[in-house]
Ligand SMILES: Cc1ncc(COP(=O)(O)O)c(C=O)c1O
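In structure tokens, the next block holds one chain alone, the form predicted alone.
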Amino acid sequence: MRLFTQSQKLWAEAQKLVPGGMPAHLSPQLLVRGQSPCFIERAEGCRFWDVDGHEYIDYMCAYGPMILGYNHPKVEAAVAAQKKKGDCFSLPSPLWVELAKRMVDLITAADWVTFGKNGTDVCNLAVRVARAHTGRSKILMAQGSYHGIGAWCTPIITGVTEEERLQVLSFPYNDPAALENLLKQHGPEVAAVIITPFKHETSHDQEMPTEAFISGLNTLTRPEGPLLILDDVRGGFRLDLRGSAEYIGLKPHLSCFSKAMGNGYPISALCGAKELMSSASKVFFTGSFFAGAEALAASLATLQEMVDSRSLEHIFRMGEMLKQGLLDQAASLGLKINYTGPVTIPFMTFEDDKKFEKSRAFCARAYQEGVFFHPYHNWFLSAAHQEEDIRETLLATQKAFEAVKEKA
């Protein structure tokens, strides 16, 4: 049996030194308490090793950034080459322009782009640009959607004043009628509608947008306002290299990217339509590390490798293989599961498991068998996952499903 002695020891120390032990989603309290690793020693490809020496096939990919796999040689070589020149300068490196050109060429909805460090940066910027461009204040977002930790949208409101949330209204995802009604009531005040390419709330089955919803979003938004903002932080480059808007047929005026665009290096981007470029140039957006050259080099190498190796096609194939294997295993044991979302960013839940007891039992046994899943958050696959990794995973999940069956 795998023990997590060093992980638990470090976790106990962390709670004495850091508020909450560690930031939100990284907390082991969100996994299976006492039965999951807490700290990682190293990682390579689609695998990591925890501080107790246990090896895992990883289906979280650092919560999305690792699209090519950990320590990818071409990305690391590009970063190493830039490291010799430097990273944080008094002025941007030429890579700032090179990556801007690459993004505008690659992303269908991009006529211009600017860079930050994480998803919250660019989601906050998108909202400010929309307000600057339209002269309006209100933002419409889908209920339960996650757009970062800005005061206007953070799901945990401790320390947030009521005034900071007054200009945000919500509607149910995939409900074009509700969205239209909100716009009828508040249309002249609405700067933008912000949406994710699919519904991916934590602890909920994922939901793809319907054709009616996509049509409504495209019809009800316009360049003069309300604008359409696509938060593609989680889905970007995992559905279509041209942006998830291409995958689902959406026509956003602003698009937010991060996570997968740097294969683990901190970088994000806001892309927009040409009509908004002047307004965007007037919004104050800056940070001492925004132009970090190493992350720019990592992003250029990541995007090029994804194009050259047709990585996304491979990830979809591996995702389908994992999905079918899990569905077959569950059915063979008479277990009813929901396998939702894109196969590149899937999530599995058990029916009649509102307290996620079956999910925790499944994940706890998977950890023992060397496979890392999350019981409450959607999973991710990478280009580093190969057929042999999926087959090894399915050997482990068979035992994990059997553990759930035994407890039923």
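Quick note: we count residues from 1 along the sequence shown, nothing fancier. Values in this document were obtained by computation on a predicted structure and should not be read as measured data.
Keep in mind the form predicted in complex with the named molecule is missing from the figure; the text below concerns it.
Out of the stretches listed (185 to 193, 118 to 126, 100 to 108, 291 to 299), which one is close to the named molecule in the predicted complex, meaning heavy atoms within 4.5 Å?
-> Selected stretch: 118 to 126.
According to a 4.5 angstroms non-hydrogen atom cut-off, is Lys259 in contact with the named molecule in the predicted complex?
-> Yes, Lys259 sits close enough to the named molecule in the predicted complex that at least one of its heavy atoms falls within 4.5 Å.
Answer with yes or no whether Val233 is in contact with the named molecule in the predicted complex, where contact means some heavy atom within 4.5 Å.
-> Yes, contact at 4.5 Å.
Any non-hydrogen atom of Arg238 within 4.5 angstroms of the named molecule in the predicted complex = Outside the cut-off, so no.
With a 4.5 Å heavy atom cut-off, would you call Trp112 a contact of the named molecule in the predicted complex?
-> So Trp112 does not count as contacting the named molecule.
Which pick from His253, His133, His72, His147 sits with a heavy atom within 4.5 Å of the named molecule in the predicted complex?
-> Selected option: His147.
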